[in-house]
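Starting off, we have a lone chain in the form predicted alone, written out as structure tokens.
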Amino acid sequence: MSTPISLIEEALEYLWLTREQGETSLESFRELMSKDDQPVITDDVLEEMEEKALIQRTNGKFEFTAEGDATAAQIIRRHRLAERLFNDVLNVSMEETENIACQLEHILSAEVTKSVCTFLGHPPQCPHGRPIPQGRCCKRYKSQLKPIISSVRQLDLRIPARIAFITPEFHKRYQRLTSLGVTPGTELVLTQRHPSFVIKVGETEIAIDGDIADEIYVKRITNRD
């Protein structure tokens, strides 16, 4: 009897997360799944994944095949885009967002995933700061697609916008921005580009460097309905 696709996809996801932590041992993979109360992946399942040319096992370690790596990347991509959508744009709690993302990672079609990614402005990271694998749309959007969400750098002057998400390189930078009221859901206006970017949040004007302007993603406000 073949293993349900959802279980194989769950295994691929956690193999990816294990590798993302710098580990390639099956023991580390199983420990990570156990920590998150995920189903036990038996040797029979791993053997089937080898037969499907998704992974290879050697001396207690694993590696993805090209097909396995591509499949796992799409699962991770769907999960993390769902996190951005529900947490940052729809203001759903992180706990509930995680539950929803775990479901959507198995069912979103390629077309819907591309639409979500384009809507969000091709975000590079999930809310936890982990990279979102790129899709073809991410590699083409600068010349062919106009995202609904873009960085502050790309925002027109005096156009009201709402912060969708922030992807700071440093955690202290995120703390500094939030202390100034620059948080997801907050409205802002770009009032100046040179010699530095100046954003207005409420009645407060804040000068920011270009690299920070690249890390604050906003959605233009077209109406007040």
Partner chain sequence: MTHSHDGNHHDLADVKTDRSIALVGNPNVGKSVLFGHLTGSYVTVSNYPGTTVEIARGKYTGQNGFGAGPPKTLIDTPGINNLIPSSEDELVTRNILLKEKPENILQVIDTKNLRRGLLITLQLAEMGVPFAVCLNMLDEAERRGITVDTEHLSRLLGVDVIGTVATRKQGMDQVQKILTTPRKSQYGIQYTDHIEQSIQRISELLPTKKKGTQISARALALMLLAGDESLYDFFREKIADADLKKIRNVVAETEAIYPESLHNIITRIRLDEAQTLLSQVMTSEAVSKETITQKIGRWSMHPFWGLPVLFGVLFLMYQFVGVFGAGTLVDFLEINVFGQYISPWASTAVEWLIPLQFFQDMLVGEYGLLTMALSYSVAIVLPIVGTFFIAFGILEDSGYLPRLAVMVNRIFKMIGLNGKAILPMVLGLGCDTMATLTTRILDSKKERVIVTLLLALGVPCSAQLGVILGMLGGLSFGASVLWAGLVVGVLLLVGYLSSKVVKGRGSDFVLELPPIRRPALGNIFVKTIARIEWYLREAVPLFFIGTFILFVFDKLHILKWIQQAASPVVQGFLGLPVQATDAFLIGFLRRDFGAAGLFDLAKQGMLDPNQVLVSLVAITLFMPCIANLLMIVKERGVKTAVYMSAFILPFALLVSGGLHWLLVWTGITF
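In this text, rigid core is short for the largest set of C-alphas that superpose within 1.5 Å between two forms. Bear in mind the structure is a predicted one, so any value in this text is a computation, not a measurement. Residue numbers count along the first chain shown, from 1.
Keep in mind that the form predicted together with its partner chain is not shown, yet the notes after this line are about it.
Trainee: Any chance Glu205 has a heavy atom within 4.5 Å of its partner chain in the predicted bound form?
Mentor: Close contact exists here: in the predicted bound form, Glu205 approaches its partner chain to within 4.5 Å, heavy atoms only.
Trainee: Please check if Asp209 has a heavy atom lying within 4.5 Å of any heavy atom of its partner chain in the predicted bound form.
Mentor: So Asp209 counts as contacting its partner chain.
Trainee: Residue-level question: is Gly60 within 4.5 Å of its partner chain in the predicted bound form, judged on heavy atoms?
Mentor: No - in the predicted bound form, heavy atoms of Gly60 and its partner chain never come within 4.5 Å of each other.
Trainee: Flag Val45 as yes or no: does it have a non-hydrogen atom within 4.5 angstroms of any non-hydrogen atom of its partner chain in the predicted bound form?
Mentor: Contact with its partner chain, no.
Trainee: Would you point out which of 62 to 70, 22 to 30, 180 to 188, 35 to 43 contains residues with a non-hydrogen atom within 4.5 Å of its partner chain in the predicted bound form?
Mentor: Result of the contact check: 180 to 188.
Trainee: If we check its partner chain in the predicted bound form, which of the residues in 172 to 198 reach within 4.5 angstroms of it by a non-hydrogen atom?
Mentor: Going through 172 to 198 in order - heavy atoms within 4.5 Å of its partner chain in the predicted bound form - the hits are Lys172, Arg173, Tyr174, Gln175, Arg176, Leu177, Thr178, Ser179, Leu180, Gly181, Thr183, Pro184, Thr186, Gln192, Arg193, His194, Pro195, Ser196, Phe197, Val198.
Trainee: Superposing on the rigid core, is the CA of Ile55 displaced by 2 Å or more between the shown form and the other one?
Mentor: No, Ile55 moves less than 2 Å.
Trainee: Superposing on the rigid core, do we see a C-alpha displacement of 2 Å or more at Thr167 between the shown form and the other one?
Mentor: The answer is yes; the displacement is at least 2 Å.
Trainee: Answer yes if the Cα of Glu215 shifts by 2 angstroms or more between the shown form and the other one on a rigid-core superposition, and no otherwise.
Mentor: It does, since the Glu215 C-alpha is displaced 2 Å or more between the shown form and the other one after the core fit.
Trainee: Comparing against this form, do Ala213 and Asn87 have their CA atoms pulled together or pushed apart in the predicted bound form? The difference is 3 Å or more.
Mentor: Closer, not farther.
Trainee: Given a change of 3 Å or more, say if the Cα atoms of Leu188 and Asp88 sit closer or farther in the predicted bound form than in this form.
Mentor: Farther apart, which means the C-alphas of Leu188 and Asp88 are at least 3 Å more distant in the predicted bound form.
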